[in-house]
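A single chain comes next, written as structure tokens; it is the form predicted alone.
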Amino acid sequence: MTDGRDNQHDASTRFAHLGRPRPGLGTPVNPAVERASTLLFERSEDLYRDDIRGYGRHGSNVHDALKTLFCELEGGATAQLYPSGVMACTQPVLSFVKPGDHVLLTDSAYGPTRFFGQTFLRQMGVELELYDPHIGAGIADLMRDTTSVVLLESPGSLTFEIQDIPAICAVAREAGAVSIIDNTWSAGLTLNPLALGADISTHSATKYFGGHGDLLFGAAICAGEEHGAKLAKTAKQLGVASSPDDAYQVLRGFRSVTTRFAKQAATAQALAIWLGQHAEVLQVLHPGHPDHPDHALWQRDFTGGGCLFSVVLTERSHARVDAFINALRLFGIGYSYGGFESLAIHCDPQLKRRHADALPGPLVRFACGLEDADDLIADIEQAFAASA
């Protein structure tokens, strides 16, 4: 297991060897993919046992191996798998809420999580309240007797605020609320929120663990067995099932994730430093950048960065921002991150619904892939020139 903070030191070795079959005579290096809906039994009385899998929806050997690696990633007790990252962020909430409850969600949250809270939760009679991501221990003032879940995300998906995870989770635990954090940005390699007091850490495994922009997957890792049992029960009740082929691809992604992640994080840091000195940029929103307002907090809790960050450009029209992005040759235009390809998106169409006039200029988010950092820098420079 990890020491709770530096999880990248020996992860390459562990991820290369865990979740594999024991060698025999010509044994494959990874578990075999088993595609099945119906599972057969020799005896009728075994069909109703609750200590074994009774149906294909309940998983397979490759799912078991993948759960082992996700637990190892963050030192969790259990892991639950989902067919998408959005489901990993939202379905755990359903395990702990009921009509009349109150849920706290960071105002910097991933858009689909926010949408889920503002629509689905409210439709089922759960009150959602957004809180300032910088609130820290002050979240105690927002807690109620009916507060059942506190949702965190550090850093935020577009504006990259760093939250005081230990302080917020301590308040939640004292109040009897479950703390759930979206830990996708760090891949669990540079942040271990379970060691900082969070109850559940969720991942869009679509991103770093998929790594190639061609699958959807999610995971939730629980610090304790009790919470894990509730997640498993909810998943079974709602018919959650993930493809064994996708699970196999994510398992395979684990084998190389530390190497890919290190390259992408280093590229993002290099671009952030370069952009921080560029005349077209007012502010770099990367917590690893020395000028980030939460840099000290990031240094306290994280051991490194991630591939994703944003920049605030000098004042310009929406059309000119779009022209800049359209002029990029190596950055694709699309959502997600953590894949081999670099991406860029104009964030203002999302932000205007939340933070009108909160930033001094338009916001562009970059996701760094596996291209050479100097080539990406040259691409950004030519796009600035082309859109001038």
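So that there is no doubt, residue numbering starts at 1 and follows the sequence shown. Predicted model only: the values in this text are computed from it and were never measured.
Not on display, but discussed next: the form predicted in complex with a small molecule.
Stretch 202-210 is the answer when you ask which of 289-297, 202-210, 243-251, 227-235 has residues with heavy atoms within 4.5 Å of the small molecule in the predicted complex.
Within 4.5 Å of the small molecule in the predicted complex, a heavy atom is found for not a single one of Thr106, Gln163 and Asn192. Of the residues given (Gln91, Ser84, Gln283, Gln269), Ser84 alone sits with a heavy atom within 4.5 Å of the small molecule in the predicted complex. Contact with the small molecule in the predicted complex, judged by any heavy atom within 4.5 Å, is made by just one of Ser157, Thr258, Ser179, Ser95: Ser157. Proximity of Glu74 to the small molecule in the predicted complex falls outside the 4.5 Å heavy atom cutoff. A residue is said to contact a partner when one of its heavy atoms sits within 4.5 Å of a partner heavy atom; Leu216 meets this definition for the small molecule in the predicted complex. Using a 4.5 angstroms threshold between heavy atoms, Tyr110 counts as touching the small molecule in the predicted complex.
Residue contact check for Thr184: one or more of its heavy atoms lie within 4.5 Å of the small molecule in the predicted complex.
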